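Single chain ahead, written as structure tokens, the form predicted on its own.
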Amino acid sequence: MRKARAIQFLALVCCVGLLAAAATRMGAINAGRQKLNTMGATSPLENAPPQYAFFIQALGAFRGLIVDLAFIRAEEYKEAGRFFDAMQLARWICTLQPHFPTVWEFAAWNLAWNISVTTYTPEERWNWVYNGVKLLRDQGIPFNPQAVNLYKELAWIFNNKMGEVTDDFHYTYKCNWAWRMHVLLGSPPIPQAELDPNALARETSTEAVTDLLGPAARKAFVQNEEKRRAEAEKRGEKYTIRSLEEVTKAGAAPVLEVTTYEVTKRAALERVRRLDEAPARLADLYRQYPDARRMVTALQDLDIDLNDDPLTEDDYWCDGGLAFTFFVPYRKVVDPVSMFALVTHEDPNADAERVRGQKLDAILGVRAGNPAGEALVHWLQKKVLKEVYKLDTQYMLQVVENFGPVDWRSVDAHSLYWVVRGLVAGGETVSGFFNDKVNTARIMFFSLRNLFLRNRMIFEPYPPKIYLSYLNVGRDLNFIEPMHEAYVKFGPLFDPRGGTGAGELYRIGHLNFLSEAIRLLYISGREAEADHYYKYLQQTYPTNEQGQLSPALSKTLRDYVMGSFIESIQTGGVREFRLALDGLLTRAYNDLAAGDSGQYVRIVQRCRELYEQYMKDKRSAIMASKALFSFTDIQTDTFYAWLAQPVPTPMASLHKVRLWRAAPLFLRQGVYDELRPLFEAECTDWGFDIAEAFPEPPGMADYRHLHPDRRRPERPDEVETLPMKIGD
């Protein structure tokens, strides 16, 4: 008995000793957690609401055991299809452990990725995914403001779950998020010099240029002066570099090599800066714009109550909330009439929201340019951004400054935003970070790539069923520079072998991206930018992996683009060339449908150059088998294939309507008779007026007489054409 008690006593002493030894390591463990940004707060009661504090104090150390049991039960509920029970348990788990970041990460992942895919309607899918977003954004991150993994998880939901196409309902997610941001912010600004940025420098005073472009203009001028000096020295001449002020005093407008990217980015920065500079409180707004007080009082007659009280998303987005009493009517006033309204003969004057919007504008005077009304709108936009969507305009400015002119209706813009927030919260910066840097940079690369592919957005919401909205996305060449900078900045960060440019690890990816960028910019008529990246390619990657000089880089820019295009399809012969040409023309038609007629013209001109380059040695009898139809026929046939594609929704059919209204006459005449039965069927299905949607082109009687072959029963489909993809 004594021996047993001695053993028990010895075991107890050892237990106490081990506990004491373990306690000495708590400081190091907590320091490690803080270093890894996995520790939400030093005290579990810090910033905790009363209900959280009650459970923390009442349950004490047993919280961990209860959370484990709750995790198991939540998984059982999910497998049994009891989703609301599973969600309620997830909330309880977060209530018990509010300062444990992994709990919030798991719960959000479960909502957005696991539970969502077990539902089958667009509304259900969106609700579960967005619940995951709100759980992190509105609760998890505020409780754990230094937990970088929560920011990255939130960014990953925006980037991968919503942004990629792996989920069958990705279009639903994109439309729902675009709808929320469109209601609040509207479409991004369209810079006045977007089509020809250098025209701004030629036709405007120096002061106006520098005001618009700021540091970009000064930098461009200095670079241009240095370039002039270098060229003069090559000729053996002397050139004195001038300052921008000297040129201004002389009364001459300097020739600035300003890129479309710089102009567009500056416009995006100015849009966000106006919101950032908006007053934070109504009292400040009244001091700056006394007339705003009268407006706020007058808006009460429309049941719009504006005040400084905190605003939640539930209050903002409900039927009587500011989203639908203020911003939706406001959008009806400032946005053009939708194409859907035109082709369905919807009377805009009978639209209650539009009538309400007109009353709203009568008070605010936004269309008349009333500064007080505009300031009031900016104040409310800033309030909603901060309190409803937890978006800080200072960080939004950082996103535009570091990554380019994002469209805030895009999910990938918000992916970048939350990555930036996470880096700053973790004591790091966008250009220098160490905590889980590979995963962080990966999200940046993915987001930038998606913005390059899809940031150019035309969005016309269909509020009764948002997932049926018209959403046309396309390539945004303004994200070539941010993507290039990301390669140069982050590539060497992960490559211990070093190397020039993006380093050896990212060399091939960077090379391929630059080659693609050069071709796209050149074909799109942005030759100055294409030349910039071509020179960078020549200087940074002059040799291949074997160390041999690359012969392709010794050519002129035009020969490089034409040569790489021809070489990329050389082995496939006429079929591959026609497919490539159809792909470019399809992109041109997408641009035209999106309203960018200038881009359409430039791409078609480049396609004609490529066509002539290919056909220059194939017009002889011996090469007739490799010859193509006329360029006009190729354009018409691709146009026919674009319009002949079946569409699953009325909003997708609107894409055709947009193209039909903007297309050149010869294209519409060439396909109208063949496509009219299809147009009639589509208009019958969707309730469109065919006379408004697909009107008969003028001069069809003469066209039929002169071109009877265009009505042949079989089209020249010996060569396949690319399928049309909306937003390709």
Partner chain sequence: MKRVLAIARLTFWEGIRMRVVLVCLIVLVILVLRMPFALRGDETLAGRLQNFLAYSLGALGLLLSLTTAFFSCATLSGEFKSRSLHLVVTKPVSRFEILFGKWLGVNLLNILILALCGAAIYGLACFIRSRPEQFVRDRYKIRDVVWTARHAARPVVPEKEIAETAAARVNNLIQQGELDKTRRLPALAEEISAGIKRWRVVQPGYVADYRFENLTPPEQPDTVIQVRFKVVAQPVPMDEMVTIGWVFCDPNSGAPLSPPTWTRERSSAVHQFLVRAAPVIRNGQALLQVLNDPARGPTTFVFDGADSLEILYKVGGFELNFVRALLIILLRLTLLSALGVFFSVFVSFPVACLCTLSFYVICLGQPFWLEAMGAGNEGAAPQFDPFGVFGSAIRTLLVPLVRLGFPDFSYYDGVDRLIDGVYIPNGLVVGGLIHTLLYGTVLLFGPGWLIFRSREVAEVQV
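This is a predicted model, so every value here is computed, not measured. Basically, rigid core = biggest C-alpha set you can superpose within 1.5 Å across the two forms. Positions refer to the first chain, counted from 1.
Below: the form predicted in complex with its partner chain, not depicted.
- Heavy atoms within 4.5 Å of its partner chain in the predicted complex are found in exactly one of 330 to 338, 71 to 79, 411 to 419, 305 to 313, that being 71 to 79.
- With the partner removed from view, the residue among E123, E576, E164, E609 that has a non-hydrogen atom within 4.5 Å of its partner chain in the predicted complex turns out to be E123.
- This chain appears without its partner; in the predicted complex, the one residue of E233, D319, D301, D168 with a heavy atom within 4.5 Å of its partner chain is D168.
- Its partner chain is not drawn, but in the predicted complex it has no heavy atom within 4.5 Å of A292.
- Using a 4.5 angstroms threshold between heavy atoms, V117 counts as touching its partner chain in the predicted complex.
- In the predicted complex, its partner chain lies farther than 4.5 Å from every heavy atom of Y286.
- The shortest heavy atom separation between W92 and its partner chain in the predicted complex is within 4.5 Å.
- Once both forms are fitted on their core, a CA shift of 2 Å or more is seen for Y77 between the shown form and the other one.
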